[in-house]
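Next up, structure tokens for two forms of one chain, structure 1 and then structure 2.
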Structure 1
């Protein structure tokens, strides 16, 4: 048991390998740019990009932009959760309605809804409402489907337990079905939030309004190469953090087992 483990089998080795390759890639790009093999007017040296971070953060009001994007995402995901869960419950309760429309909802979930943004621009104007509504539209169908999946996935035996205690219809829902479906609904909520966030940042960029997405657009239009790359890295970083945090949250909220 105590004999030394080879380095390649240690627990942190894969993470070191992954991050190491990433670092090696960045250094290689830096070198290739300085060797004039890569065009520095297309790909700025990574050191410039890193150097641009403080400038972008200080001068471009990143905090305010981040707050705006975050608030838009929050608004959209609250809307998505309310209407999505309600929609899922509705479809579960009315079998006929479900049989008539479930394939429609699935089709809408797969449709490229974000392409409707010019339409929303006409309806709501170039403002935060368009962005929030776009996020809402994109996230709604997935959460309806997830809620429905969670409710229908309730184990038969749990439903029979409820029946054996003579629960009323609403007791059956609130004491058995809903708690049983909750883990799946959380998955749906997270999905809805992520969909909303992707579409919000995307639409911000496309319509040049609002938070982080607009930042990328502005820097690109100014031909601030290092700044554009830095802003993109920043947005990726934010997405990863949100993604990882909600993942944690989901695991934490999910009942054990």
Structure 2
């Protein structure tokens, strides 16, 4: 007779736990606001935020803004993935280049690159290209570093097996190095996409041009706190979509994982 599977080990338990924890958090914030423990002039009641969604969707053209920010995030994601992975491979292949630039790449990853937006405005103008390029610049360094880490961390025994089969450098890269480095590369992609999305929304806010960042700016200037938090929820939705696409790509490239 088979024993029943404990509820905590069922497939849908993590999702139920996550949604339940979020609902408990929202209820707790609602209680703390109405108990005057949290300042409602800084944190609006979650019920007001939920009630602001129809108004933000209908009056603020949020779907068009959401689409613009999502497309900018997608464009920046494609660019940072292509150039970030290529940059990591380049540093792995050329040891001298790696020694000369790895420290600088790490320093760029820690720098507040969003402050460069006036320079990008001069170069590209006040348009979506500036926003995409800011996201691309911010997300590039983490992917380069994690790609380099993944390739450098490939087990020596795997490389030796490839040599024993007389694989060419190209075959060794595509059949051994790249598959072994994929988990670390995807960690770098997630970090890079986080940095890119933060800078995309931040620059939209700073230059007051298109997308959800501009909407947050406008609602904040009107001191519409509930609407501002509702717009921030749409930013989180963009992040969820981007990360979901990244997970699907990882499953496609690593079907055995």
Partner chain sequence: MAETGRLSAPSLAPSWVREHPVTALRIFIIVTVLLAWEGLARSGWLYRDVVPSLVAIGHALYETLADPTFYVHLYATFYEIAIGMAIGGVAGLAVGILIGGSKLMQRAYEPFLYYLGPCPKIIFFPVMIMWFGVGPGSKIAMGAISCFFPVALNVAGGMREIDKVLIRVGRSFRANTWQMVTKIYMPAMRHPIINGLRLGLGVCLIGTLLAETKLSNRGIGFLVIQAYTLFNMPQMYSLLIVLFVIAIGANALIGRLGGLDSIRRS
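We call the rigid core the largest set of C-alpha positions that still match within 1.5 Å between the two forms. Positions refer to the first chain, counted from 1. Keep in mind the model is a prediction, meaning the values are calculated, not measured.
- Where the criterion is the form predicted on its own, structure 2 meets it and its counterpart does not.
- For residue 63, a C-alpha deviation below 2 angstroms is recorded between structures 1 and 2 after rigid-core alignment.
- In the core-superposed comparison between structures 1 and 2, residue 38 has its Cα shifted by at least 2 Å.
- Relative to the superposed core, residue 229 undergoes a Cα shift of 2 Å or more between structures 1 and 2.
- In the core-superposed comparison between structures 1 and 2, the CA atom of residue 48 travels 3.7 Å.
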